[in-house]
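Only one chain is shown below, in structure tokens, and it's the form predicted alone.
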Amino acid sequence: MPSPIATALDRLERTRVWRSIFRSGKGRSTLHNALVIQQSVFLHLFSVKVRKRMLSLGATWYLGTLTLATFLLLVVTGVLLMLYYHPSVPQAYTDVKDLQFVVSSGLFLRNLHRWSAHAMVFLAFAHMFRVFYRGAYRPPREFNWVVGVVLLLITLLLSYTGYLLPWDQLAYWAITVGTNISSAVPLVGDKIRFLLLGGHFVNANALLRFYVLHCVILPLSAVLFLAVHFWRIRKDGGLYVRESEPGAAEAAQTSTTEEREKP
């Protein structure tokens, strides 16, 4: 006998509102599942079928999924922090202190955002190392490897631009040192530093530019490249499995034949 929850879900899926959103409904065939995937603006990025062994912990260590989870957590906590924070020199430091000592659960929210950022950087590096170790950067996945490198750079820039927003001494001098390093780039170094700071010194212009980069430009860029990243995984044949790659079976058969021919 089905449970009350299952019965309620079944009734919901039979309603006109539900069928207007998910037009294909439920099904058990591969064709029906493909229609469900293709007609959803979010699900069409993912594959219709997935190899069971690729869902095991040892295949990917879930590093890509964990990196995405930390990014979504950063988006949620970042939006909540934006409700209290003002990107202006007179108020930025005061707002951060209010979040720590005045706003209810503000300290928890800020620390959750900060530690999630550290975790995302670590997980992104670990994910890249894992992909490189497994050789998943080889054709036909070389383009997706480049997209992953771009996502890693965006992750580092997100962490760096968020460093200035508390507007304390640590943030001020960290950005000063970082932008001075960028000015050492031959020919265009000074222009890069001027573009980042909006001037020659770390001031209100720099705070506003880093705020826009951290809260608008870089997150939207990350979402765009994440969509391309997931789409390319599907188009490249799913997650990397050496035995299923083009030419892998022929190479294994040739190796076996050579072993048999040995005296």
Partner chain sequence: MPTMTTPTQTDRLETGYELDRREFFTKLGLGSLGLASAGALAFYYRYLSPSVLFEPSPIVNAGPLDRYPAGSVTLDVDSAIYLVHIAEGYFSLSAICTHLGCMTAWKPELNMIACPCHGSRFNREGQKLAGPAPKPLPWLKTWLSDDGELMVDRSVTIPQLQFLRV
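Residue numbers count along the first chain shown, from 1. Keep in mind that what you see is a predicted model, and the values were worked out from it rather than measured.
Keep in mind the form predicted in complex with its partner chain is missing from the figure; the text below concerns it.
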query: Heavy atom within 4.5 Å of its partner chain in the predicted complex - residue from Gly238, Gly64, Gly198, Pro219; finding: Gly198
query: Selected contact from Gln91, Asn111, Asn180, Ser105, since only one has a non-hydrogen atom within 4.5 angstroms of its partner chain in the predicted complex; finding: Asn180
query: Stretch from 31-39, 229-237, 198-206, 46-54 whose residues place a heavy atom within 4.5 Å of its partner chain in the predicted complex; finding: 198-206
query: Whether Tyr211, His214 and Phe225 all lie within 4.5 angstroms of its partner chain in the predicted complex by heavy atom; finding: no
query: 4.5 Å heavy atom contact, His86 and its partner chain in the predicted complex; finding: no
query: Proximity of Phe122 to its partner chain in the predicted complex, heavy atoms at 4.5 Å; finding: no
query: 4.5 angstroms heavy atom contact with its partner chain in the predicted complex for Lys191; finding: yes
query: Thr176 within 4.5 Å of its partner chain in the predicted complex, heavy atoms; finding: yes
